[in-house]
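Laid out below as structure tokens are two forms of one and the same protein chain, each shown alone and named structure 1 and structure 2.
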Structure 1
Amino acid sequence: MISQFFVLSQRGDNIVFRDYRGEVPKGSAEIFFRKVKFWEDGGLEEAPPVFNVDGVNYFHVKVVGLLFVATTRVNTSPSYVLELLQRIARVIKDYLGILNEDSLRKNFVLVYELLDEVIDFGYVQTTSTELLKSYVFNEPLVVDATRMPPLGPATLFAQGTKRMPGIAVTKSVVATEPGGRKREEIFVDIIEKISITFSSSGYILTSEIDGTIQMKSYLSGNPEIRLALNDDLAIGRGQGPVYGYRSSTGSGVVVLDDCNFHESVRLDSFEVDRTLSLVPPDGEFPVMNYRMTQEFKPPFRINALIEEAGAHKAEVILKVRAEFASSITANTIKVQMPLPKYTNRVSFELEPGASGQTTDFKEANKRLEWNLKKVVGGCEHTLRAKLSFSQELHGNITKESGPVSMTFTIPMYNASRLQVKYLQIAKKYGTHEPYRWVRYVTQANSYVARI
């Protein structure tokens, strides 16, 4: 149960506000924004997703620069409320096509109608886009996608020989397109988040992949879809051959620890030929979630070294090597490394000819940051940093530094080798075939190297 729901811009402007129960003061949005903007509790840089102020619990998630917030005075499950906020954001995006401040302001009547159907007196009724179509009748005012900043997934997939159409991720599931014609297409995204911990000598200590197969359909008549995965896919540890075995297709065996499926998926032939059958509901939804701890090749190798260079000085050398093919490019790479607390100055030295790279020393929390706009597969990049200390070194400098962490996004790459072999649509269309888009993206969840 929640008392209030509101959406704030990055400036703190109240874009959407709905008070369901009247239990929380009206100024809660201002209190929340001030607390988040000037967060100083617990030594954290930014506010946690859940916190309490004067007996009011605040829950928030950040979606494309907007803050989706819920408040309540009762002791409710944080994971439940955070999941609810994500689903509300997804439903609004399904209806508006584009989720940003401009689209929310132009479609406030539709947004409030959705909120009243999703939540009644603080209790959730449904977050299904398909079910909501029976109760919500307002048409969205479509915002011009060409004026959007590249914040969303559109930029992640705009790479490779077959570029995604610009409106691929900005279409409403309910709006009527100009001219009355509807472009028949379906999108399947395989999104994987990697967690790896490297030892100081470069060995992999822990590794895990959390993946999801997302689908968004713009097919008329809701036809049945057949989605085929790897023939040699095995579910459950110990079900498949050992790592390194190569099948006749050359892709190797994929062993998932566990997985779950959307309620619309039928598994009649899954055990036989690894095919999923479903009638896709409206909106974006996860067809399958999976987890994998089987050994896999990490996309990046990180080497970090810190050495004393005098009584008040030290030198850091960071090397990042891309282990994937040269046809693939990683985007928005950020490398961070905590430094000793008595560090007062850092000078950086990038490799000759380096472009699209920036460095920074965050003095408030004594952290080195290295940003790379893109990294091509097979390339190695090096950063040298000279540290100056405010006092003489005492103890082991290695123990007071690190670990090195890394975030990145790699379009058209997946570490698990899980693949969509084919996407079959049961319904026959006239003179043209629907567009089928299958896209892969890998992101860092917790990518850490010890020093």
Structure 2
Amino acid sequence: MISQFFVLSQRGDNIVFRDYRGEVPKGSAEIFFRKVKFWEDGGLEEAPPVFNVDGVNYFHVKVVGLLFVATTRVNTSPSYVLELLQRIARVIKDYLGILNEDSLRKNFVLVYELLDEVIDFGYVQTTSTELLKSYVFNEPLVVDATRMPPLGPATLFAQGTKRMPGIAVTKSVVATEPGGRKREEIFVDIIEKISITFSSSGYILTSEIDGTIQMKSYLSGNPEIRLALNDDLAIGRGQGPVYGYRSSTGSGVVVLDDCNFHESVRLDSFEVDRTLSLVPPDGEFPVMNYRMTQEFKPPFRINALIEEAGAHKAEVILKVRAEFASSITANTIKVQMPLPKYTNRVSFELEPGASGQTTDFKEANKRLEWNLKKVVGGCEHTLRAKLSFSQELHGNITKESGPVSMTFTIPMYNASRLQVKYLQIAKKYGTHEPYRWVRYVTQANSYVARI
């Protein structure tokens, strides 16, 4: 049971504020914002998503820099409320097309309409984008999508969830399109986030893939969809240790540790032929989430070296090698490395003929940054950096710097080899077959090399 729901901007302004039960004292939004802004408890610099001030429990999630907050006085399930907040953000995004401060401010009346139907007197009624359609009468005022920052990890992960960007999926579920007729299309995105830690000698210490099959359907008439995955897909890694690399699975069988499915998914024939069938609801939703710790080939190898070069100097050599096919190109690659805190100057040396690469030394947090616009499969790039220190070196310089972390996006590549073999729409369309988009993308989550 929820008492209030509100959305605050980064500056703490109320963008939307709904009090459902009138049992939380006035000023809760201010109390909340002050607490989050000046969090200082137990040495944490970031407020946890749930905390209690004077008997009021505050829950919040951060979505595109906005704070979605719920309050309650009762002892309720935290995952329920946090999940709900994420869901509300997603429903709003479905209606507005683009979720940001601007679109919320322009459409707050529509948002109130939604909120009234999503929650009544603190009790959740529905979060189904589809059901909500019949209760929402305001037309969304669509904000200009071109003003959105370009594709890249920033926008992809700005919402904290795995989302495929693209102009096509920023249209509202209710807005009528220019030209009148709705385009029949369906998007299926296989989004994988890779976490890897390489030891200083280049061994893989841990690796995990967290994947989502995300769907967004604009098909009319709610047809049934069938999604076929790899037919030799195995689920559950048996009783052995999860990280047992000894059983190298060269045979090509994809083994997931575990997975879960959206409500609408029916698994009648999943055990037999690895086919999911569902009638996709409106809006964007994850069909399936999965987790894999099976050994896989990392898309990038990172080689990092830091060496003393005199009492006040050191040299850093960073090498990045793309270990995927040359037909594939990774983009928006960023390599970062914390440097010793007494570093005061860095000079960079890129490889000859390097293009689309930038380097930076972030003085404030003593961090080296290396950005590469794109890396073609099979290529290797190197960066040399000369560091100058304000004080004489002592101790082990490798303990004062690193680890190297990396972010990237690789379209049309997936490390797990999980595939959507086919996407079948069980409905006959006339001359215009609906557009079916099946897209793969792999991103770095925590891609780290120790030195």
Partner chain sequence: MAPPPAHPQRSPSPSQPSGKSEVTDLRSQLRQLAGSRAPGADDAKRDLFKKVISNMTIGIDVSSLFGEMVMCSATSDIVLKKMCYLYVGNYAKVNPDLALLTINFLQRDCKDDDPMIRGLALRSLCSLRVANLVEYLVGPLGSGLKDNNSYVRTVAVIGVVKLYHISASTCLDADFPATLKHLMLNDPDTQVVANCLSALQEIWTLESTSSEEAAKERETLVSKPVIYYLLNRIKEFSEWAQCLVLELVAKYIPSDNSEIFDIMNLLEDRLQHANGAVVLATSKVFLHLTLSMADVHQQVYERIKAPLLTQVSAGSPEQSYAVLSHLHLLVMRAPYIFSSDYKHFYCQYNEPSYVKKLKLEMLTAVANESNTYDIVTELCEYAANVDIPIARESIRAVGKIALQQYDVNAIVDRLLQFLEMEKDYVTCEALVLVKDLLRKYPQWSQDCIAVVGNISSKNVQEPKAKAALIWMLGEYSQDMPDAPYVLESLVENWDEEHSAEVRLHLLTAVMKCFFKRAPETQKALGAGLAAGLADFHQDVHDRALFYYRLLQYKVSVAESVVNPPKQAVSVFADSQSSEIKDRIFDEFNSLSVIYQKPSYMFTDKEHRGTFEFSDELANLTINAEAGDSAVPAQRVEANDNDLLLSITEKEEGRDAASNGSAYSAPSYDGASATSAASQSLADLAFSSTSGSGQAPASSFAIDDLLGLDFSVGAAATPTPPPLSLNPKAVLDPGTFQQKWRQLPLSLSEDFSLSPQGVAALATSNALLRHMQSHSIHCIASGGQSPNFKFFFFAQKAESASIYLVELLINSSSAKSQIKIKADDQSTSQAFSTLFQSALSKFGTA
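What you see is a predicted model, and the numbers here were worked out from it, not measured in a lab. We call the rigid core the largest set of C-alpha positions that still match within 1.5 Å between the two forms. Numbering runs along the sequence of structure 1, starting at 1.
Here the form predicted on its own appears as structure 1, and structure 2 shows the other form of the same chain. Core-superposed comparison between structures 1 and 2: the Cα of residue 51 travels 2 Å or more.
Annotation: Cα of residue 289 displaced by less than 2 Å between structures 1 and 2, core superposition. When the rigid core is held fixed, the Cα atom of residue 70 travels 2 angstroms or more between structures 1 and 2.
When the rigid core is fitted, residue 31 shows a C-alpha shift of 10.1 Å between structures 1 and 2.
Core superposition places the C-alpha of residue 89 3.7 Å apart between structures 1 and 2.
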